[in-house]
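Starting off, we have a lone chain in the form predicted alone, written out as structure tokens.
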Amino acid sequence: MPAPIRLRELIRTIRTARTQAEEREMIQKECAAIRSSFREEDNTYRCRNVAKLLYMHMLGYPAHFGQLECLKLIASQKFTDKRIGYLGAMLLLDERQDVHLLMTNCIKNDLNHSTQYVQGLALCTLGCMGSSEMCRDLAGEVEKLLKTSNSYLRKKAALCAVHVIRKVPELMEMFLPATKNLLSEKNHGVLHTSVVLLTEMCERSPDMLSHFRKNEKLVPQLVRILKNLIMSGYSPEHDVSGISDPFLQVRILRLLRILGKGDDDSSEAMNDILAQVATNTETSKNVGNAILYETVLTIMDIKSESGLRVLAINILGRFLLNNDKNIRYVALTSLLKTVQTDHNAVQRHRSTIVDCLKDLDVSIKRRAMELSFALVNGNNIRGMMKELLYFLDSCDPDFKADCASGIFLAAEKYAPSKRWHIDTIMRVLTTAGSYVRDDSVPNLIQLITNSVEMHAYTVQRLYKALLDDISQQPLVQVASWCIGEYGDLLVSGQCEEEEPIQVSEDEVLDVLEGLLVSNLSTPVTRGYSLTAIMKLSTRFSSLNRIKKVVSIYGSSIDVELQQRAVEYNALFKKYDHMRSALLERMPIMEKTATNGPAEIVQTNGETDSTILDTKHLPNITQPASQANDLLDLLGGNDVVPVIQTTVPTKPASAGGELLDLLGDLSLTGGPTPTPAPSVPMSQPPFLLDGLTSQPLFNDIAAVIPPMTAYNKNGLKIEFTFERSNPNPNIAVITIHATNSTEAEMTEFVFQAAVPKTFQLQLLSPSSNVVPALNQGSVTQVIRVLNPQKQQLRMRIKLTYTHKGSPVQDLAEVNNFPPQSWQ
């Protein structure tokens, strides 16, 4: 068989390929030749073939068929074969493949070899891809080599020990005796790897960290080595840009940071050397900046003196003036971490930080913006807000949302006056209104409402802003709300803070009507505008014009706008005597959250889901009856659907769940009855129905005696009665469900139906769990309308789970007290 081509020739041939397909063809041809050579057990060229295979592996082609050949090369006595074999093992093998266990014995033999270079190859391989099993088997040999006098082997053994500790942490104590003399070595390679080993041990074991702090006195040794590095003269072997072995210095500083964190004695021992490094390191080259950066991190992490911390922050301040963008970014990130603990020291570099807002690099801009907000306090709020508002005007859209949010929070926390606060928020809404948070509108409305003396000034400023620009929807919404609330102040010209403007009622209404028809207005904005026009009906004299506008939108295709208009029309007609009271000015609102949305339940008709207080809503898990879940309780077609006031928590099944409580209906066969018509109703037919100054229930409620409607299997249902004052035909029944058994009843659902001549409405239950042993009760309110004063009849259905078993029962209630229906 002819001799295979050399590696250099293969590389030259592959580089001549003009297409990927041509390269792939060359690789496949060579792989076939290599496979043939492997099958023939050709020992002469095995090393050359494996070397070519490794090159193909580096190009991304499969080379797994050479794994066993690597093991054969490792077992060879020739150094050149071992070198390629170990290199192949590190590239082609890992601990997920069982083949690597076959080389454990070869590595063990080579670790005891008489040639240091063979031992070095074995240490490198074990430190690169040794599994936990291999590390356990060979840790003893590594520990012996760690104690040898040969510096070449000691540095490799130290790195191998790091890998062993990562794989098998419980072997850490084995290497503890060998670490005692490592730092006394003068060879920088051994020192470097020793510091890496000590760092790994301290990070992985608190006991080791405590041992090195107290027993080994590690800090003084590291301080001595670092001092020698700083004070030593020029050494061509270790010099990098005029600095002696910066890599070793960085490693020592990291280890000092671990040793000094949370320890007073260790921190005090290293304060002087850290100050020397910070003052003596040259900053003209990047190497010096790397050492200074590690020094700063160490100073900030340990319990250092205040003067030393100021020195560290000044170093970061100098970094901000560097032309290198990476150094500036690192400085801003580090200052952001330290600003909470050393606020005053960072404040000295405020002007430099603000200048970074003008940087062209977006990552530097973002870090500078975050740091600028962190520096804002009561003393510099005006100056910092001026710079940040200027930045908001000119920054990219990606920054506007975060910047606007930060300005809102800072202004809320440190505002020197309410006028300044309102002006700042309005400036943000004018500049970046489309990017602000959802809660900015209700927050600003609350701020304006609570600033009673600023009402005239605010409504005038907002009116002017509306005349200039109506594209910023949050600004338009706030302006509409304020004009609706304080339109009379705008027209009367009572502003004292600035020169009042002369505005007529028709001009104000023209602006609001323009918002209703503008293509820029969102549905929410139109709702604000229509409500504002309605509120002006009690503040302006143009009542006929307002009525006309409101009536027009009673047929709007926007359902929300249409509902508002219909209800406002009803206010003019049916409830005109209550209109002035309903539309009076909002009282001062209380705000409980500091930096969150206010707990505003309703703002003159403007209810916002983002500001509703949901903490006090009951936890309702009862599945409400759907329209197709109606109960045919009394037979025939005289069944009244139950109107639920809660949103159903589970969807109706596809075929419907018509329940015939009398048992006459089979759900599996026979004709299916037609479901009752859907009556979706989440509120009374009109929002203002029932508004009255009288109490809801009258005083004769106590005359109607209670009754027991159901008492079976430990479950007792009692009815108590009240009569509704606004409508005496409505009987209000409160059910009280109690449980006398030893186990609670879960998933409790009460359902009821009445004849067609009645109307029944089930309100939400207090819970869906009936406590055991009568330790509590579930209550639920039923409202029954009985216009014909007929005797009340009801069929109820109870479903619940008791001791893991579902229970379902039906009952008929006919013995209602006469006072409840007469």
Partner chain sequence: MQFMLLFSRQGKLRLQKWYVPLSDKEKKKITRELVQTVLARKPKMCSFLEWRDLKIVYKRYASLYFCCAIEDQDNELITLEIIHRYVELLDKYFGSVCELDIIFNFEKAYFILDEFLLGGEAQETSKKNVLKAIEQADLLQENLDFQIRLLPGMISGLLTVESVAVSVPVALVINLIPSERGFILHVLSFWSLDQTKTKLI
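Predicted model, so just to flag it, every value in this text is computed and none were measured. We call the rigid core whatever largest set of C-alpha positions still superposes within 1.5 Å between the two forms. Residue numbers count along the first chain shown, from 1.
Here the subject shifts to the form predicted in complex with its partner chain, a form of this protein not shown in this document.
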property: Interface segment, criterion being heavy atoms within 4.5 Å of its partner chain in the predicted complex, picked from 452 to 460, 325 to 333, 380 to 388, 575 to 583; result: 325 to 333
property: Contact of residue 124 with its partner chain in the predicted complex (heavy atom, 4.5 Å); result: yes
property: Contact label in the predicted complex: residue 189 to its partner chain, heavy atom within 4.5 Å; result: yes
property: Its partner chain contact at residue 90 in the predicted complex, heavy atom, 4.5 Å; result: yes
property: Exercise: residue 246 in contact with its partner chain in the predicted complex, heavy atom 4.5 Å; result: yes
property: Listed residue that, although its partner chain is not shown, lies within 4.5 Å of it in the predicted complex (heavy atoms), from 539, 213, 257, 716; result: 257
property: Among the candidates 282, 423, 558, 361, the residue which, in the predicted complex, approaches its partner chain to within 4.5 Å (heavy atoms); result: 361
property: Residues within stretch 75 to 95 having a non-hydrogen atom within 4.5 Å of its partner chain in the predicted complex; result: 79, 80, 83, 84, 87, 90, 91, 94, 95
property: C-alpha of residue 109 moved at least 2 Å between this form and the one not shown on rigid core; result: no
property: Large Cα shift (2 Å or above) at residue 362 between this form and the one not shown, core-fitted; result: yes
